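A single chain, nothing else alongside it, follows as structure tokens in the form predicted alone.
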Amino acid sequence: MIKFLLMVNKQGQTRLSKYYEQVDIEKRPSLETDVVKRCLSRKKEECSFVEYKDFRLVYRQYAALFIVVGISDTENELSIYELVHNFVEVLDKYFSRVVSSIMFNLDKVHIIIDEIIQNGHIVETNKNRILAPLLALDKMAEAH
């Protein structure tokens, strides 16, 4: 099961977080700081899977953006690694400049994540089906 998804810049600042398991609001900043330090301190040659407390971290770097996913030990790391890449491809398909666009369109990024992951489980990977609700909203907005 997916426990959380974080989008973080190279300075370690969380740009987006989505939790699928209850984590107290007060504990989230310290969890995110610890997780981000653990991933950002690793060398490029090192594996993108990290054991952390009672779960694992899967992360990928895209330019100045890190995407970190916390998963249970029953989840397949390679499938999550590919899921992150698929997520970035969807972002790239919708936004022309992913890194600069997400900060100004977090609501749309959340819609994309919600189409891919629900209740910590992967529900959709097809890029066109993921983007369909967002494109329908865009059409409605243009009509007004």
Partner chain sequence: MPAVSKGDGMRGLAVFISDIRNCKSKEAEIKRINKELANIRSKFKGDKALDGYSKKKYVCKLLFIFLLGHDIDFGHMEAVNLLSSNKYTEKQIGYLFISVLVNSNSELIRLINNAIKNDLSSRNPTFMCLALHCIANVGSREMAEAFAGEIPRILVAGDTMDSVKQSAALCLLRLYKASPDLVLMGEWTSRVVHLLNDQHMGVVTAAISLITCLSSKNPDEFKTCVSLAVSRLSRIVSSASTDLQDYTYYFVPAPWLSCKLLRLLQCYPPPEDGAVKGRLVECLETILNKAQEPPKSKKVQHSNAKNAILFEAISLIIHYDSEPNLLVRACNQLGQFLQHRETNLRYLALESMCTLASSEFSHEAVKTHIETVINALKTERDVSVRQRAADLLYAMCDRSNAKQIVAEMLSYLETADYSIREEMVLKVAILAEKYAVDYSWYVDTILNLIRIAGDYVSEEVWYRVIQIVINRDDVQGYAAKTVFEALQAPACHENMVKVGGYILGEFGNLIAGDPRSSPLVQFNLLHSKFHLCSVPTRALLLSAYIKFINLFPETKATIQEVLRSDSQIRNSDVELQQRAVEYLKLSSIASTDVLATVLEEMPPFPERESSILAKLKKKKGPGAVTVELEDGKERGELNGGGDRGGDAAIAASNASTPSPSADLLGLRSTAPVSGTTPSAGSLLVDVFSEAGPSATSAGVNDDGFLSALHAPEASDSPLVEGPGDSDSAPPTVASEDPAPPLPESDELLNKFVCKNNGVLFENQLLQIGIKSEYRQNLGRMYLFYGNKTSVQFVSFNTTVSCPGELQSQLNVQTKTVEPLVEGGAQVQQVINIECLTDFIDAPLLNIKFRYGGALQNISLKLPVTINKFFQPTEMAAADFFQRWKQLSQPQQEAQKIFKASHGMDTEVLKAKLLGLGTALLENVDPNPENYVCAGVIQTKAQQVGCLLRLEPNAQAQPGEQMYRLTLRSSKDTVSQRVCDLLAEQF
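Because the structure is predicted, anything quoted here is derived from the model rather than measured. Positions refer to the first chain, counted from 1.
The following text describes the form predicted together with the partner chain, which does not appear among the structures shown.
In the predicted complex, the partner chain lies within 4.5 Å of some heavy atom of Leu106. Among heavy atoms of Ile111, some come within 4.5 Å of the partner chain in the predicted complex.
In the predicted complex, Leu78 approaches the partner chain with a heavy atom inside 4.5 Å. Using a 4.5 angstroms limit between non-hydrogen atoms, Ser30 is distant from the partner chain in the predicted complex. Contacts to the partner chain in the predicted complex (heavy atom within 4.5 Å) from stretch 42-80: Arg42, Lys43, Glu45, Glu46, Cys47, Ser48, Phe49, Glu51, Arg56, Arg60, Asp73, Thr74, Glu75, Asn76, Glu77, Leu78, Ser79.
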